[in-house]
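Form predicted alone, single chain, as structure tokens, below.
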Amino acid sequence: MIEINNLKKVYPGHKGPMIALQDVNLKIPKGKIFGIIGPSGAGKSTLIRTINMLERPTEGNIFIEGEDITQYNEKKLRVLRKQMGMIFQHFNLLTSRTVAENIAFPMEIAGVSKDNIKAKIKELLPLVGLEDKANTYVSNLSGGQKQRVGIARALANNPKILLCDEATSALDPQTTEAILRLLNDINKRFGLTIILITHEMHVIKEICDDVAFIDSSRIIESNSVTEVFTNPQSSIVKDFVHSVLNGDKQERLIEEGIIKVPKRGMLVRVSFVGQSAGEPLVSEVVRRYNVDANILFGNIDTIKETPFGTLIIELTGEKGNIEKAIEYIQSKNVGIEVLHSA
């Protein structure tokens, strides 16, 4: 468990202090993939750099397995950082070295014996799909292959925590998918806690268990990914969710009149996740509450291999019946948002 309490980071500036982080409180479960997302300049990278204490917070505490690492001296921090691997957006590899030599580098610094280094390289190369690239110079690799080297290097000293700072931002979509599958496999295989910084909601949807949204140096929402997708609380989080679930397309269709706003009744967006995605909820509502339900738009997706769907439904009938129908839908742990009421 990583617990962050009342974290604040202030940098001096020519025009006065610049607040990079403020009032940050988070709990990151052990062994989970935790996403931190937000727009550029929100404080994401500063936050991840405080977790490994490359940036010392101005105020607040960071507890890892119950120990406050903000109180560590440099000697204890060096030991701590051996338990943390880090993957970067632009790879940060040594171009004058081969793949194997790059993977060996953190072990050399840690004083690992040559025999153990060779054994570890032999173990890691097939894990990241580079068993035939050991003696290739990294300058001759593709972007995806370079990131695989970065992942292997981050795993070299058997870390308990893996920090990923925009690890897929420099990659094309197909390569991004492959790297996300690899990170997911590593999480399952080794039980690593993975903290993943990104500005892409698609990345959160694919592999994260939990997510925190940061904006203007503050955490504005934090929850399980499933809860965030079915029931986002703030407007900025709703925008991020809609960006990967065709929400923008749905609202554009409403604005353009392709999806008609009802002259009576309600227009609602219903979100289904997991087992509820297969239940006949709409037909049950019609039968129970004597309302008409006209499905105007539908979308099916997955959240970390869990089925997820959204529907835009026009509900018409007696006002009291519609209200009871909505209460029933809410009782089924299904997200519902009223888009228009006439």
Partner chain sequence: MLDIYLQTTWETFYMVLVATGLATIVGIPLGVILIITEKEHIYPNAFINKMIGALVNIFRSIPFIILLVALLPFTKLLIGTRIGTEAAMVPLTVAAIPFLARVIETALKEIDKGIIEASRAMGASPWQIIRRVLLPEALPGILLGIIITFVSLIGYSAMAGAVGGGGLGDLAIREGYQRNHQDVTWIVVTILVVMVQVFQSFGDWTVRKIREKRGLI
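Numbering follows the first chain given and starts at 1. Remember, predicted model here, so these are calculated numbers, not experimental data.
Omitted from view is the form predicted in complex with its partner chain, to which the following refers.
Find the only residue in 158, 95, 116, 235 having a heavy atom within 4.5 Å of its partner chain in the predicted complex. Exactly one residue meets the criterion: 95.
Among 128, 197, 219, 86, which has at least one heavy atom within 4.5 Å of its partner chain in the predicted complex? The residue in contact is 86.
The chain here is shown without its partner chain. Which stretch in 313 to 321, 52 to 60, 300 to 308, 30 to 38 comes within 4.5 angstroms of it in the predicted complex, by heavy atom distance? That would be stretch 52 to 60.
Is residue 106 a contact residue for its partner chain in the predicted complex, using a 4.5 Å heavy atom cut-off? Within the cut-off, so yes.
Do residue 140 and its partner chain share at least one heavy atom pair within 4.5 Å in the predicted complex? Residue 140: yes, in contact with its partner chain in the predicted complex.
Is residue 78 near its partner chain? Define near as a heavy atom within 4.5 Å, in the predicted complex. Yes, contact at 4.5 Å.
Going by a heavy atom distance of 4.5 Å, is residue 82 a contact of its partner chain in the predicted complex? Yes, residue 82 lies within 4.5 Å of its partner chain in the predicted complex.
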